[in-house]
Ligand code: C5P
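In C-alpha cells, one chain follows: the form predicted on its own.
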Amino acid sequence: MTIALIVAAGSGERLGADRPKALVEVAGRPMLQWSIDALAAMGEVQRIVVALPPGTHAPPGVIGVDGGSTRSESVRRALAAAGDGDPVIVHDAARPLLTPALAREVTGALQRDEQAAAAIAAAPVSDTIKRVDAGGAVSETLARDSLWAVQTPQVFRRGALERALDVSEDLLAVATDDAWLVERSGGRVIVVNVSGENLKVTTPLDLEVAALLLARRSPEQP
C-alpha cells in the first residue's frame, strides 16, 4: 500500500503571514488541508504523515511530526514515522492544487517503469533561461528544450528513498528536492509531464492565483 508524506514546515514570511505557510487559508481551507484531502481521496493511500513546524498540531486523520531544519530532513522524519508502505508519495503543502488524478498519474508512471527509482511531476520550461555570473552579467543561455521545472508530487520506491536520505545533514541541507538525492545515489528518475496549474504558493500573488483556481472546483472535489 502507498504512503504519503506532506512537507508543511515552512514559514509564511514571504507571504507576509503571521502563521506557518501551510496554515494560511486559501479558498476557504488551510493550504495544507487541500493536499490532505486530495491524498485522502485515494483509496490506495493507507497513511498520511505531515511534517509541521514544531508545536503545531496535526489536522485530524493524519500523523504529525516536527519538521527538520531542512526540507529533506523533514521528509526523513516523516518517513521514519510512516510505518510500512511502498511506494512513497512526497508532496509540498505549498502546492494546494494537487488532485488525486495527478498523484495517480505520477504513481502509475513509476509502477510502469520497473527500472525507475522515482517519478516526478514536472512541466517543460517555457521561459528563456540564462546563467548569470556574480557580477550580474549573462554568462550562458541554456537550451530550454531539455529543461523542466520540477514540481511535487514525487513518488519513490521506498528503498531508494531511504538510501538517498541516509546522508549527512550537510548534504540534506543543499538538496532542493528529494529526487536529486536519489539521482546522486545512482537511481533512475523519470519525469511525468503535468499541467503548469500545479503551482507553488510562495508570494501573495501566487496565493491569489491559487485561490481563484481552487474556487472553480466543485465543493466535493478534493
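Note that this is a predicted model, so its numbers are computed, not measured. Throughout, we count residues from 1 along the sequence that is shown.
The same protein has a further form, the form predicted in complex with the ligand, not shown here; the description that follows concerns it.
* Report yes if any heavy atom of Pro30 sits within 4.5 Å of a heavy atom of the ligand in the model of the complex; otherwise report no. => Taking the distances in the model of the complex, the answer for Pro30 is no, it never comes within 4.5 Å of the ligand.
* Asked: Does the 4.5 Å heavy atom contact test between Ala8 and the ligand in the model of the complex come out positive?
  -> Ala8: contacts the ligand in the model of the complex.
* Report whether the minimum heavy atom distance between Ala118 and the ligand in the model of the complex is within 4.5 Å. => Residue-level check for Ala118: no, no contact with the ligand.
* Asked: in the model of the complex, does Ser185 have a heavy atom within 4.5 Å of the ligand?
  -> Ser185: no, not in contact with the ligand in the model of the complex.
* Asked: For the chain shown here without its partner, which stretch in 38-46, 65-73, 155-163, 187-195 has non-hydrogen atoms within 4.5 angstroms of the ligand in the model of the complex?
  -> Single hit among the candidates: 65-73.
* Asked: Only one of Leu98, Ala122, Ile89, Ala94 has a non-hydrogen atom within 4.5 angstroms of the ligand in the model of the complex; which is it?
  -> Looking at Leu98, Ala122, Ile89, Ala94 one by one, just Ala94 meets the 4.5 Å heavy-atom criterion.
* Contacts with the ligand in the model of the complex - residues in 198-214 whose heavy atoms fall within 4.5 Å -> Stretch hits: a single one, Lys200.
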